[in-house]
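Before any questions on how it binds or moves, here is one chain, the form predicted alone, in structure tokens.
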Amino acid sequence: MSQNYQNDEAPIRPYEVDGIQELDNNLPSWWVGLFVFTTIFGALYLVYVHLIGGTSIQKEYDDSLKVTYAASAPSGGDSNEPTELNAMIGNPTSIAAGKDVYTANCAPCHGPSGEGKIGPNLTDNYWLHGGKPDKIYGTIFNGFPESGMPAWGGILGERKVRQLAAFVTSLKGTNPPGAKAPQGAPE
């Protein structure tokens, strides 16, 4: 089979469809180089991430979430330190504002009086994640998604979360009728 050339260009392929002939051009060298590079890179990346145990995108994402949560976590502080949260605990205005936030966001799971429905009872002395004001604040702010408690810090903001924690603290010992059985450890 002989090669057909037109005007010193690439050879023409030996077939024709509807009167159209096709040139048999080589791929550009930059394209071939890029293809070889990405193939080698992909193979090395596969070995590094899956066989050697290198850092994957999912692990980097999880690590960045931990850093973000640690940076946005409430400072807490011990109960002897005069914080805004401790000042709100005895303040009727803050407690009333916290009750409004509670009614709008928390009552569907914890009941209108904190007696517990889907969520735990907030009126007894048993707590799943700690019953001190700073622990309550941390639970509300960061949530516990694995147990169904959403993180409200990013939604409500620190001030409303503090007001809500002050209100929840005021519910302790109220023992409303129909309260859910105790869950967690005694505080």
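Keep in mind that this is a model prediction, so the values were computed, not measured. All residue numbers refer to positions in the sequence shown, first residue = 1.
Note that the form predicted in complex with heme C (HEC) isn't included here; everything after this is about it.
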T55: touches heme C (HEC) in the model of the complex, heavy atom cutoff 4.5 angstroms: no
Partner proximity in the model of the complex: G154 to heme C (HEC), non-hydrogen atom cutoff 4.5 Å: no
Partner proximity in the model of the complex: N105 to heme C (HEC), non-hydrogen atom cutoff 4.5 Å: yes
Distance check, Y48 to heme C (HEC) in the model of the complex, heavy atom within 4.5 Å: no
Single option in L44, L34, L128, L65 placed near heme C (HEC) in the model of the complex, where near means a heavy atom within 4.5 Å: L128
Any residue of 156-187 that, in the model of the complex, places a heavy atom within 4.5 Å of heme C (HEC): L156, L164, V168
